[in-house]
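Just the one chain here, laid out as structure tokens, in the form predicted on its own.
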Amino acid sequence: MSINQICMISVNKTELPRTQSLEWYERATKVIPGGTYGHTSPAATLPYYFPYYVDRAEGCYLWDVDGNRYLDFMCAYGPVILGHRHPEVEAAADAERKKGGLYSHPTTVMVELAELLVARIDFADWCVFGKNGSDMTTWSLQVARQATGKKKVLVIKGAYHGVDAWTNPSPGGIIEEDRSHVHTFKWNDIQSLRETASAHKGEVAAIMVTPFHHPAFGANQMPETAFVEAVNDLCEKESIVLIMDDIRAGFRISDNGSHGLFGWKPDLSCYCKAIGNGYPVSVTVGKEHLKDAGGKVFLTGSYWNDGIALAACKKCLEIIKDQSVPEKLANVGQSLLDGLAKAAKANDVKIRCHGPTATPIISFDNDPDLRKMQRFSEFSAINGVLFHPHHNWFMSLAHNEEAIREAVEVAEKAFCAMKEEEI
């Protein structure tokens, strides 16, 4: 039997136990629209191949309700930066939980966390907290409008800033008025930026960008220095508020926010994923000149005084700094990409590797419909490794050398099978 035949037997192991998953999904469809929805919907990943419902997780692994174990490179789409159930974060959360949970007033940990963030982020003079990334991006836009008295916001074409009506990528329930003051320009295209700004000169309250472009169904794209400078200069000259949506990468690629790595000069910056290791918390920090406007834009939620999540966030941010987590994630992510590149080359499969390496992804040559990428992810999931087919992946502190070896071995089987199938 040839090595290729052995590879095919391994990756064609499609009969993973699914009984419990399908039973739960059938029950769910009767009481929940779609059974699951949004980015957790099976249709958003790979129906059947990806878990429908998770039972538990530990470190860099998770188990579905059928007992199938997966090496997790999705990390809850980013929030799990230290690994599932990190003991120090859980201990900090438990200590706060023993005092209580939710009150009509904040706890002092909110003040301590705010002090930590203001001290660590170079431009930050104040901060506020929420629960989701959308909470912060939408509130930041409102602050910019309050401060400037203007209505328009310019965003990158294809960027994702949350699920509120002004930015939700789905047309469901959206009316024209929701987006009448939102205008797009192209990433790394200075002419597009200037033309869009000129068309609305004197009306623009804010420009919202991500530190690097991470569109859905596409590879990460780094910013060109000239483009960053053009955005910074335009905002300064036109008194436009520059909002950094650092929800996805913040504190994952740098321990004080991502803006400085690329030269961005934001007035407001929003964070969420990775700052609480899975606990629900989001943050906006801002410059002093916007503090008064921030105080005038109502911001609240019944669960936002939750000291448990804030305590977890504080501990998580301390670990990120003290243990040089961004550097470790970058290194382990590079090891993963190097291993994938070597395995692909050995099987004559042409791939491209994209960073930042703490949030890596690969793409296949001549794959406009992502068929190759989906097939690769299917083969990998069958053998217990979760590589998302059209969203960047996430490294965690729990991804060690053993995990990388396991992932590369499974990927090599997938590349081998793809070569045999002539995909």
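In case it trips you up, residue 1 is the first one in the sequence shown, and so on. Computed from a predicted structure; not experimentally measured.
The next section is about a form of this same protein that is not shown, the form predicted in complex with another copy of the chain.
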query: Per-stretch contact check against another copy of the chain in the predicted complex, the hit in 338 to 346, 251 to 259, 291 to 299, 190 to 198 (non-hydrogen atom, 4.5 angstroms); finding: 291 to 299
query: Triple contact flag V65, M74 and V118 to another copy of the chain in the predicted complex, non-hydrogen atom at 4.5 angstroms; finding: yes
query: Another copy of the chain contact in the predicted complex: K321, any heavy atom under 4.5 Å; finding: no
query: Another copy of the chain contact at R27 in the predicted complex, heavy atom, 4.5 Å; finding: yes
query: Partner contact for R352 in the predicted complex: another copy of the chain, 4.5 angstroms, heavy atom; finding: no
query: 4.5 Å heavy atom contact, G173 to another copy of the chain in the predicted complex; finding: yes
query: Contact residue in the predicted complex, from F212, W126, F227, F185 (heavy atom within 4.5 Å of another copy of the chain); finding: W126
query: Interface residue in the predicted complex among A159, L234, V163, A219, criterion: non-hydrogen atom within 4.5 angstroms of another copy of the chain; finding: V163
query: Sequence-ordered residues of 108 to 124 touching another copy of the chain in the predicted complex, heavy atom within 4.5 Å; finding: T108, M110, V111, E112, A114, E115, V118
